[in-house]
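This document opens with one chain alone, in structure tokens, the form predicted on its own.
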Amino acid sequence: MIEGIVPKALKEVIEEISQLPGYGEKSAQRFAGNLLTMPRGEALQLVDTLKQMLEKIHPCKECGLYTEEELCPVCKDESRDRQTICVVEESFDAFTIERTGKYKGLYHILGGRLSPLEGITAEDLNIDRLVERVESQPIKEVILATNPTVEGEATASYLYNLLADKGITISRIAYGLPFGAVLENADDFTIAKALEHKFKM
């Protein structure tokens, strides 16, 4: 940016957006620019909607899935298979799996993945609650559906070692997903096939 002519308010917005994961200065500039070129009423409505989202959405107290209530719809649904937990990195991964209609168990959201280079350790993730659920509930199988990336694999291996002595079946989502892919970006068919061909670790 040409620092001398950038309005202070615009510069501050770009700097704030740049702090979001996946956003650099260029993408932050595009976001801010698009917002400024929208009709003012629509832009203000978008900002108000974002504010409402931040006020209403929070993690489910049981599994960590984003919800507006104390318990998410999955945890409240007594018809779900309550002996199976699918562990994913983020809520959006669970949303993607849910769209396939192939999985009927429960979820557990880690809130990220192990990444020493980014300073993300096991203490930063929702792992203790997963162990509590396995130990206190009639869980028979845990499906590790972390993304097939280096960090996702490291996270799955860590969880496998942590849960190996709990007397449950531990499965890893099958590689219907190409290595390096992200669940949120995969199509429903690929996700469904990966679930169907999960394998025991």
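Just count from 1 along the sequence shown to find any residue number. Quick caveat: nothing in here was measured; it's all calculated off a predicted structure.
This next part talks about the form predicted in complex with another copy of the chain, which is not shown.
For the three residues 125, 136 and 167, a heavy atom within 4.5 Å of another copy of the chain turns up in the predicted complex in no case. Checked against another copy of the chain in the predicted complex, the candidates 162, 174, 44, 154 yield a single residue with a heavy atom inside 4.5 Å, and that residue is 44. Under a 4.5 angstroms non-hydrogen atom cutoff, another copy of the chain in the predicted complex has residue 53 among its neighbouring residues.
At the 4.5 Å threshold, heavy atoms of residue 38 reach another copy of the chain in the predicted complex.
In the predicted complex, residue 65 approaches another copy of the chain with a heavy atom inside 4.5 Å. Among residues of the shown chain, residue 184 is not one whose heavy atoms approach another copy of the chain to within 4.5 Å in the predicted complex.
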